[in-house]
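This document starts with one chain, in the form predicted alone, laid out as structure tokens.
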Amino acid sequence: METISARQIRSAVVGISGPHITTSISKGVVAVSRADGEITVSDVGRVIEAARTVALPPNREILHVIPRSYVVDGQEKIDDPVGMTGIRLEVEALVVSGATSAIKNLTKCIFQAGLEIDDLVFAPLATGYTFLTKKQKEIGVGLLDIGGGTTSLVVFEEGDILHAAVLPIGSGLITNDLAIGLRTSIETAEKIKINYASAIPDKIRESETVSLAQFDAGETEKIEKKYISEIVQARLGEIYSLVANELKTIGKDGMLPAGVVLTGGGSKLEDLIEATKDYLRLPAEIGKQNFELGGFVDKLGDPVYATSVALMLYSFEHSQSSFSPSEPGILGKAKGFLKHLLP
């Protein structure tokens, strides 16, 4: 990247994800500071900080405190209270936290690579803000990022984040199942998944076969494409069962008008949109960038790069937002921790 851009990279916005990430709802309450009762940016900052004071185990750290709505003297569902008049300001916020060990290990790797960390971001949040339209987030939508090892879900409604979760299963396990079922290598199984697998086996004729020899000269067997897709369908069903359970916990199972937007490398699976509609009983589409990029970006429209592009845009638009960790928060603690470890 430095060679292509002819610039030295000194720092980065770093995405973090994984099953260790959890979310919870917290509330904060403060008294308005000004004598005339006008709510200022400072008051908003204080009430968000009040929402941050949640009881967490010693092995967990807060990544983000994301305001969902404000209340001013009992008046609810206020998006921006600055400039309003009142005595009591409340906020309901989504708190995103992660395992301290995972965060420290990630930050240590970044610093050892010679980079500073501008921001540490829960990656699916950045993807959601970048790849979803304002209208989708208003009426209710879920972003489903199917990665190699995990599947991330972020649900928006009325413009706010309603729920976020990371499931410990991804498209990499589909590849593993294919390698076991077809008795072939992981590399060959991945190629077969990308080129021949379908999320809906019923669409494939019994007579269609795939020769493994085209992927590995040492292989001679021919495999039915329908059998390949049946293996894929079984693991995909497990993934969507977990997604459906998450939606049930927030009362949105089959109840998101804008449906599900798919991103990540796993979203490239053939017939996945139709399968998603069947499994989740919701509209579905592949995520598309709602922006244009110029220059050396011919491949950035690929869903595989959705999170990378989202983090890049996040660095431009949200680096000073309330999502950013601040000293002496998680990033400050990470820096302090690493100064004792690294020369």
Ligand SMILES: Nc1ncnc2c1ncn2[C@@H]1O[C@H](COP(=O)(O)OP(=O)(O)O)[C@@H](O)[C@H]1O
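So that there is no doubt, residue numbering starts at 1 and follows the sequence shown. The shown structure was predicted, so the numbers you read here are calculated from the model rather than taken from an experiment.
Although it is not shown, the form predicted together with this ligand is what the next lines describe.
K.L.:
Out of 73-81, 90-98, 263-271, 217-225, where are the residues with a heavy atom within 4.5 Å of this ligand in the predicted complex?
P.N.:
Residues of 263-271 come within 4.5 Å of the partner.
K.L.:
Pick from G237, G159, G254, G149: which residue has any heavy atom within 4.5 angstroms of this ligand in the predicted complex?
P.N.:
Contact check passes for G149.
K.L.:
May I ask you to choose, among S229, Q136, T130, S171, the residue with a heavy atom within 4.5 Å of this ligand in the predicted complex?
P.N.:
Contact with this ligand in the predicted complex is made by S171 alone.
K.L.:
Should V304 be classed as touching this ligand in the predicted complex when contacts are defined as heavy atoms within 4.5 Å?
P.N.:
Contact check for V304: yes, within 4.5 Å of this ligand in the predicted complex.
K.L.:
Should A213 be classed as touching this ligand in the predicted complex when contacts are defined as heavy atoms within 4.5 Å?
P.N.:
Taking the distances in the predicted complex, the answer for A213 is no, it never comes within 4.5 Å of this ligand.
K.L.:
Taking heavy atoms and a 4.5 Å cut-off, does I194 contact this ligand in the predicted complex?
P.N.:
Yes, contact at 4.5 Å.
K.L.:
Under a 4.5 Å heavy atom criterion, is E190 part of the interface with this ligand in the predicted complex?
P.N.:
Judged by the heavy-atom cut-off of 4.5 Å, E190 is in contact with this ligand in the predicted complex.
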